[in-house]
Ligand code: DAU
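Shown next as structure tokens: one chain only, the form predicted alone.
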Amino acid sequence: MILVTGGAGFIGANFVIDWLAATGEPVVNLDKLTYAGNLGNLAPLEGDARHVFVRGDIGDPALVPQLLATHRPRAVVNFAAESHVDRSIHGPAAFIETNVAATFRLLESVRGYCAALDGAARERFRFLQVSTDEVYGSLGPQDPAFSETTAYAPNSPYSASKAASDHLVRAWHHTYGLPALTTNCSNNYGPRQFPEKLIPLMIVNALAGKPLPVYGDGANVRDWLYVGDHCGAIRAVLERGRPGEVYNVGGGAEMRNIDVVKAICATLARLAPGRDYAAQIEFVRDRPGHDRRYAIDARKIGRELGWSPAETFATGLERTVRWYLDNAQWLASVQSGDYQRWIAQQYATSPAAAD
């Protein structure tokens, strides 16, 4: 049994589905079900006795110890986080609460649980913190890619809050002996991603005949990682990673934002012909503090754990676009309520998507 936090969100839900398919090991899934947490993401697991869903907060000092004592997981995988840069600019308080304060309380709950385990169970137990390459800051065009020893230099409230939580995890390992690992991943994309992020928003807007808003000159560079490959990397780190270590996870697919949007248009032109999608591209005012380039050096996880991505950007994008075309009901369910209020607020300032 493992405990997954934030397992109704984009990466978390894909991980839970992938984990059960790959290992069959039961999962307790704790999620607060904020705007991006969606039980519809977990529809493939309906009726599956190996999956226990609990609605709750990772910072709840009563609930989390109760779940740990009841289910006695051998590992905790922490996906729970506020993760959208633009939202952090408009309202940083929620990011500090979830990514820093609530993560601290989660660590304290896990520390107490781990300390009470017997020798063999304690030796086997792991806490895995799922983080981001954004904690490293921004790279110049010729700078080497982020490695596990790159100094943290976060530039947004989101990345600063994730950097803080990473530092807490590191400190709890070194001070208290918590057997913790951290992964820092590049930009994920794939099925079930909330459509405020670049790739799903471009797909949604393109199909609706709306503008495809691109920040600034569109030359910001990101390394793109298919979410299924990320799930495989997390499994590898959980199974074979060394406690106290950090593992960078990247897709080996650096691309400018404008080229990503053009690739989406070309893929849609093949799979859903009938419109000149590229004609919908519009350049809009850049967002504050927009990091210019991210790139991940993933050689350590390849060398030590034998992981490498299975998807290229082209094959991953094809799978992603097909999923959105085939899941109109899921898309309609998330394009209401809080999502629409967010879009209205964001479009009133700079109508682009986070990358």
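Residue numbers run from 1 along the displayed sequence. A quick note: this is a predicted structure, and the numbers were derived from the prediction, not measured.
What follows is about the form predicted together with the named molecule, which we do not show.
- A residue is said to contact a partner when one of its heavy atoms sits within 4.5 Å of a partner heavy atom; His51 fails this definition for the named molecule in the predicted complex, lying far away.
- Using a 4.5 angstroms threshold between heavy atoms, Tyr277 stays clear of the named molecule in the predicted complex.
- Residue contact with the named molecule in the predicted complex: Tyr215 places a heavy atom within 4.5 Å of it.
- Using a 4.5 Å cutoff between non-hydrogen atoms, Ser83 counts as a contact of the named molecule in the predicted complex.
- The stretch that touches the named molecule in the predicted complex, counting heavy atoms within 4.5 Å, is 128-136, out of 128-136, 169-177, 239-247, 269-277.
- The three residues Thr150, Ala164 and Thr182 each lack any heavy atom within 4.5 Å of the named molecule in the predicted complex.
- The contact with the named molecule in the predicted complex, taken as any heavy atom within 4.5 Å, belongs to Leu198 out of Val110, Leu198, Ala206, Val77.
- Counting a residue when any of its non-hydrogen atoms is within 4.5 Å of the named molecule in the predicted complex, the hits in 286-302 run Arg287, His290, Tyr294.
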